[in-house]
Ligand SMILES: Cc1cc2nc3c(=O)[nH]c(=O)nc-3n(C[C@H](O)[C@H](O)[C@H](O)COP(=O)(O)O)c2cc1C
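One chain follows as structure tokens, the form predicted on its own.
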Amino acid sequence: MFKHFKPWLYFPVQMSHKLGPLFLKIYSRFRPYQTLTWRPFVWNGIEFNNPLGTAGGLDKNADDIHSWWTMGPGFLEIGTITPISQEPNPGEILARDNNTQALWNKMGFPNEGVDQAIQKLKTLYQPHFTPIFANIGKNRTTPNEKAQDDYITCVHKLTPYVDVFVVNISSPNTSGLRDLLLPDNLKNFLAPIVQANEEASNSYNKDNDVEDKGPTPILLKVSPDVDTEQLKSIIEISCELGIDGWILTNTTLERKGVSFPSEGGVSGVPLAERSKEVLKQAVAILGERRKNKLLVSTGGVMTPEDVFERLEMGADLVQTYSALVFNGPFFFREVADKANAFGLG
């Protein structure tokens, strides 16, 4: 429908950012939920009709879950969600380069807070139409030495309503956040979150007299700007603590080929090669420990061929954001059609 004509790309980026969800809501009011089945996948008892989902940051407040379900993704990620609401960072926070298909943002986890997200999530039937990942973060006013408290708050409150947690300490838009990825900090930060997650799941199962399926899986979202040794340390510590998988990767501070401000993160085509390199390295680092661990690739996934390439490289799931901005929300159908045409169903 919009394969060649993409009027939203002629609007200022802030306007497109606001109009996109509005269009989606209007369109979805006349459409049923859509199941696109190709390469179905089951992990940790969670069923995915297809391995392509939305990336974090697209639906920060769980406002558009019903709308996206009419488009056919295999799963959704909401957030980043923090314990209390917060506004975006001051100043310019969004930019788009249509020529390079690049996005830039310096948002800094703007959201309405965990309690508001819960009000929307609790209206959904369970099991969910697709799995829902909750990307959780800290408020910018919370110092790093107390950061785990914010994540624990989100875990305890969101446990009844989501299928997977994504611990986000890799955004470049919250001052000092990436320091938590450093080996000296990561273990002390993650360990209490893992424990709190087990406690929250056990409490929920007991209080609701449901079968104990274990704690809600936790994924760690990784920065593309770590080197090989840092990535190895992150994966080693994650495995030691029982983290269930990784999202590779967040936005980058690299500015090769683009002219965005020096602060903030870049996504889209300029991120693709680095994101693929991190995926390749992660597969090699994990080796035989790969069993039952989830690898999710995101960053520069712009075409159906990009999706298939990430899966071929070893990703279990793939996420997209920029493709939905530059190509439109029907991207999931385009990928599914090509997957089935290529015999990937």
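All residue numbers refer to positions in the sequence shown, first residue = 1. Quick caveat: nothing in here was measured; it's all calculated off a predicted structure.
The same protein also exists as the form predicted in complex with the ligand; that form is not shown, yet it is the one meant from here on.
The ligand is not drawn, but in the predicted bound form it has a heavy atom within 4.5 Å of G56. Under a 4.5 angstroms non-hydrogen atom cutoff, the ligand in the predicted bound form lacks V226 among its neighbouring residues. Interface membership of R96, defined by any non-hydrogen atom within 4.5 Å of the ligand in the predicted bound form, is ruled out. Using a 4.5 angstroms threshold between heavy atoms, K60 counts as touching the ligand in the predicted bound form.
Note that among 62-70, 292-300, 44-52, 24-32, the stretch whose heavy atoms approach the ligand to within 4.5 Å in the predicted bound form is 292-300. The three residues G79, L103 and N135 all sit with a heavy atom within 4.5 Å of the ligand in the predicted bound form. Only one of P131, G245, P83, G268 lies close to the ligand in the predicted bound form, with a heavy atom inside 4.5 Å, and it is G268.
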